[in-house]
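As structure tokens, one chain now follows by itself in the form predicted on its own.
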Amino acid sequence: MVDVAAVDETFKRLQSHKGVLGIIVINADGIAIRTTFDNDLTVQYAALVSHFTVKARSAVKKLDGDNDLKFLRIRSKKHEIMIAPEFEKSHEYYLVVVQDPSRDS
């Protein structure tokens, strides 16, 4: 079970960083359980990031069966999406942070 106080503290700490546009916690089924985005954007990010993370983890495992995905970072012209699939010990939740890399300094 996730410690709600720890999640709240993590959200506050991450939101204080310059350039952070939003934060989502997604469960293993790709459903957002906590977010700072509006509903439409949350649903879109949750579905796509969840699917992408599963594929990335599978690729890492296929390349080396003893290895596992620890962190995933996607950078585009507009945004940077950082995914921590090991946000908590049971690996049932992903932490996703979306930021504007031009505003991080």
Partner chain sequence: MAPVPPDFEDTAPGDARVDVGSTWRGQIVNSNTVGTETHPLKVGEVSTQTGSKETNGTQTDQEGGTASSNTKVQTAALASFVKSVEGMVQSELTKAMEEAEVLEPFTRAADDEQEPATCIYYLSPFQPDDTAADLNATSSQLNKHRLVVTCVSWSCTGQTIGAAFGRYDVEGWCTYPGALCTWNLGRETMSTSRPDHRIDTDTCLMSCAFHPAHPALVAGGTFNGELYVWDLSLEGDPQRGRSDVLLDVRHMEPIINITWQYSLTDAARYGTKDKSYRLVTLGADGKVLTWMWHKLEAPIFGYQLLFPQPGIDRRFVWGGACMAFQREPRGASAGQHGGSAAGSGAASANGKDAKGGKDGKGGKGGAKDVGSGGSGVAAGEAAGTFLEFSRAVAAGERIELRTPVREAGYQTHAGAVFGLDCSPFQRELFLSSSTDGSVRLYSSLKMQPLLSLEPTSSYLFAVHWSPFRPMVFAAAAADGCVYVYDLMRRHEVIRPVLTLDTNGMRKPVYALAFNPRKPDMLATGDPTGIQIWRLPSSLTAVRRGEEAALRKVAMAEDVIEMRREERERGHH
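Numbering follows the first chain given and starts at 1. In this text the structure is predicted, and so the values were computed from the model without any measurement.
Omitted here: the form predicted in complex with the partner chain. The next part is about that form.
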Q: Report yes if any heavy atom of Ile33 sits within 4.5 Å of a heavy atom of the partner chain in the model of the complex; otherwise report no.
A: yes
Check your understanding: Taking heavy atoms and a 4.5 Å cut-off, does Arg75 contact the partner chain in the model of the complex?
Key -> yes
Is there any non-hydrogen atom of His51 lying within 4.5 Å of the partner chain in the model of the complex?
no
*Lys62: touches the partner chain in the model of the complex, heavy atom cutoff 4.5 angstroms*: no
Contacts from 43-82 to the partner chain in the model of the complex (any heavy atom within 4.5 Å), listed N to C, are Lys70, Phe71, Arg73, Arg75, Lys77, Glu80, Met82
